[in-house]
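Just the one chain here, the form predicted alone, laid out as structure tokens.
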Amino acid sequence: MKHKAKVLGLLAATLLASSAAFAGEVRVMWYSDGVEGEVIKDLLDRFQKENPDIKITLDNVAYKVVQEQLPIQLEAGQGPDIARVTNIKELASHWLDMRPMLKDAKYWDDNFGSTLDWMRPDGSDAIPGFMTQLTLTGGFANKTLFDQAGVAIPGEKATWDEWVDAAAQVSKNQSLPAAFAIDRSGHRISGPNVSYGANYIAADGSPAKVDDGVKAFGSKLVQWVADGKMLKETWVAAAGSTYRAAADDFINAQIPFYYSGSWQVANLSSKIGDGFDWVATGSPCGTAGCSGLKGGAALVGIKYTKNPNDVVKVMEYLGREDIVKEFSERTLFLPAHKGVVDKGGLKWVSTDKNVAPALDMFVKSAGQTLPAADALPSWKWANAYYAALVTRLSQVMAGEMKLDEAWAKMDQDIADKVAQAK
């Protein structure tokens, strides 16, 4: 039965992501953090009415499918025609270079140029797609819980220790399971690592060994779990480098402080409603700064498509300034389009009083990121580093190994990834 289920699962994945077989067909693989799946469907429906000769199939899939199944399909020379991805740099060799087919490549260079290196092979001038949004890691506090506990929300330059201690006071007062949670993600803890002085990149561009900055914050995470301050289940209820968000725990008012990122704003707004008041906090400070980590999701063409010209037509439509502006306003995402940003005047589509201040806080925090964090989105070994961090720290939290052993395992995991790639 297990063998049969595995075969059926692989078959389903292959059918889902197979390249368009006929001219005029474009298959889009899409995942959502919030309401963006509804918005992209509306935009693509409008495109199809204007372009009836192109049939678009929108496959809304779980983020896990994009992270774990898509890379396997791409290695086999298969996949959708367009995909929304976050594993951008590492898979850059699979993206379609649209530059020769674009009507106005300069428009793309001018408006998306600052992030194109995030999604193309080193040294290339390819235009594979565009960032559907910029993201920034940062925290959220349940203001209602803080108020009920009579605990002041920490100030702008508060440290990680101060935030955790304050949240622990709230948790104790309100009889909550834990003080806070961080998504089970090596990406999510990298801004904090950098805030304690971490640098992942060696002088030659190769991965550096885990340093004192990584060890400083990693040790804190392990201790906070041991003390019952950090929600243990978020990290130990999954294996390997599997991603696990703690958004539902925050939404259900089980933790007063949650560290995730700007992409959660729409999700929190839609699910919390008027249940409680919440605020974005920026990133707590370490010894080197108060850095989050920039990033985002990219919409890219897949080079194995049988219909590259149709793919480019769809991408040109979605990359238009007016469409990017509308998408950003409706999804509550920070735009990655220079023209939209420079002109300003974004009208966030939300009646939630918590939304605009939260987005404004993320915009402000974007100016506080440190150089070691800003270098990571375009670094090809970033995901190898993230995977090693989350895998080994989780094992320490679960009692499967000691911290000293974990640091050495991380270095070996990363070295193995580099060796496999070569």
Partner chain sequence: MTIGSAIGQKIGAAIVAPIGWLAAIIDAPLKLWQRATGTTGMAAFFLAPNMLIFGVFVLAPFVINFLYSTTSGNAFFLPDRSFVGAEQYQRLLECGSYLDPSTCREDLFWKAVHNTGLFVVLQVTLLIVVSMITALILNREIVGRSFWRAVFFFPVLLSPVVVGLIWRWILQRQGLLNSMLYQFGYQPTEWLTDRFWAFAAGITVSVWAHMGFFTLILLAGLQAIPRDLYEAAEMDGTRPGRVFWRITLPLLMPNLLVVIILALIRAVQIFDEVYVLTGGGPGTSTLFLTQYIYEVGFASLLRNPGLAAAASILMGAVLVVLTLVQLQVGRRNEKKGARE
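Predicted model, so just to flag it, every value in this text is computed and none were measured. Numbering follows the first chain given and starts at 1.
There is also a form predicted in complex with its partner chain; it is not shown, and the following applies to it.
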Problem - Contacting member of Asn199, Ser270, Thr287, Thr242, with respect to its partner chain in the model of the complex [4.5 Å, heavy atom] - result: Thr242
Handout entry: The unique member of Lys303, Arg120, Lys313, Lys232 whose heavy atoms fall within 4.5 Å of its partner chain in the model of the complex
Key = Lys232
Practice task
Would you check, heavy atoms only and a 4.5 Å threshold, whether Leu403 touches its partner chain in the model of the complex?
Solution key: no
Exercise for the section: Please run the contact check for Ala203 against its partner chain in the model of the complex: heavy atoms, 4.5 angstroms, yes or no? Expected result: no
Exercise for the section: Please check if Asn307 has a heavy atom lying within 4.5 Å of any heavy atom of its partner chain in the model of the complex. Expected result: no
Problem - Contact test in the model of the complex: Tyr386 vs its partner chain, heavy atoms, 4.5 Å - result: yes
Problem - Per-stretch contact check against its partner chain in the model of the complex, the hit in 391-399, 28-36, 54-62, 352-360 (non-hydrogen atom, 4.5 angstroms) - result: 391-399
Problem - Candidate spot Ile72, Glu90 and Ala421, all three touching its partner chain in the model of the complex (heavy atom, 4.5 Å) - result: yes
